[in-house]
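So this first bit is one chain, no partners, the form predicted on its own, shown in structure tokens.
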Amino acid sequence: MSDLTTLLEVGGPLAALGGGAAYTRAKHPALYWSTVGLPISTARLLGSYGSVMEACGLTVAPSRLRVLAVKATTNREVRPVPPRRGLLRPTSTGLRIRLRLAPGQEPADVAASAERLRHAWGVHAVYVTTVKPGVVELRLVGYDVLRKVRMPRKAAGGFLKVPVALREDAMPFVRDYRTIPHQLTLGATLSGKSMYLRHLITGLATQPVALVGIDCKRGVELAPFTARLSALATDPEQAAELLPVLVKEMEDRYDLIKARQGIAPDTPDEEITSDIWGLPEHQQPTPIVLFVDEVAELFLVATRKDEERRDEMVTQLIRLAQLGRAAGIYLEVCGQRFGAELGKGATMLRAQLTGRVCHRVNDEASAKMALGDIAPEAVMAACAIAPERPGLAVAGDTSGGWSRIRTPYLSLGDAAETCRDAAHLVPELPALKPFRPDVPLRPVEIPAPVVKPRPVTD
């Protein structure tokens, strides 16, 4: 009996502790990492750093001075030297550590061993970034941050910068229109493409920016945000009227820039500009972001008259993509599929879209359309996205870099409410006024009377 009592006294708490840890790891990975995973991984890293680096081939022969010093002071064997390690910096999602590379090493050597380091230190993933020549940073991620997305509190936003998703290395994915002016976003039905667009619109709604929409699905995607839109076209006919107005606005802005460049002999060099951001602040036009949802609808034709209209719209979109950046006009093109089979001008337009985001697609060809020309190795990553993870995508750009991202959930009601609250920020652009959508009035709730009326009795 005493043995059973001892077993219950000792084993009961241990079983409860183990079960609680397993539950926390499955349901609350961030809490598990902070309480259990972080101390264990830190101990592993500190205790095995030298041996792990040697096993990964990241050590070099010691200098002659070091060899002489070791032999003169101790009888220890002179071992290869690993990269010099900096201080450990714990975060809510992992660890960060900086390494000073030994002579003859390069960041690619450390990046090639990232998978070995992950297993050796018991973390979810290891990412390597270059800080400066000779110094790299290891970013250890303790758990799958894309399973349940929680955006960092201090995401680097700003003017024309929207933290729209979370990357797999636990860093925010920021859509920066000044750096990447135009972007193509592809995704099948229920892949999370609309959620990505929703975050972009709500992020820009609170900024002094004009938002213009072309939604040929009769406006079902962009209609909830009409309170913040400066213009909205809900079919190809309206789009054919709106696009020439945007091109004319772009040409007027170029005339403004050239007028500023009507250079007098005494004009300082710093006042000569080639885009609107070099103009004096009081002369800078309002930036315009054009959202095109289901771009394939602009390419589909049924008659010869529709074909002529299609060619005109595609030409105008290409002009906006080629010349719009300097005029402060940016494109966000979305669709399920986008390739040469859409018709003349499709490939040329896609070539002007620097940023690429590919959600789950229905076939490999669609992933190649989005990523094949900029990051071929990212195509298979896009094809491996499971339907059970809506919002997961692969983001790349023309520099060849890419990463997995996932957009957090944002309800349509909350997004629409944000746009209604920011309705006063809609800029005055006379050219777009005829295309301003009708804003539905917000329902007024009549409060209940404080004192209930009583019937008059005799």
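One rule holds for the numbers: they count along the sequence shown, beginning at 1. Everything quoted here is computed from the prediction, not taken from an experiment.
Beyond the structure shown, there is the form predicted in complex with a small molecule, which is absent from this document and is the topic of what follows.
Contact at Ser194, Glu221 and Thr407 by the small molecule in the predicted bound form, all three, heavy atom at most 4.5 Å:
Each of the three qualifies.
Which of these residues, Ala108, Ala259, Ala351, Leu190, gets a heavy atom within 4.5 Å of the small molecule in the predicted bound form?
Answer to the contact question: Leu190.
Among 41-49, 415-423, 429-437, 386-394, which stretch sits within 4.5 Å of the small molecule in the predicted bound form, heavy atoms only?
Among the listed stretches, the partner-contacting one is 386-394.
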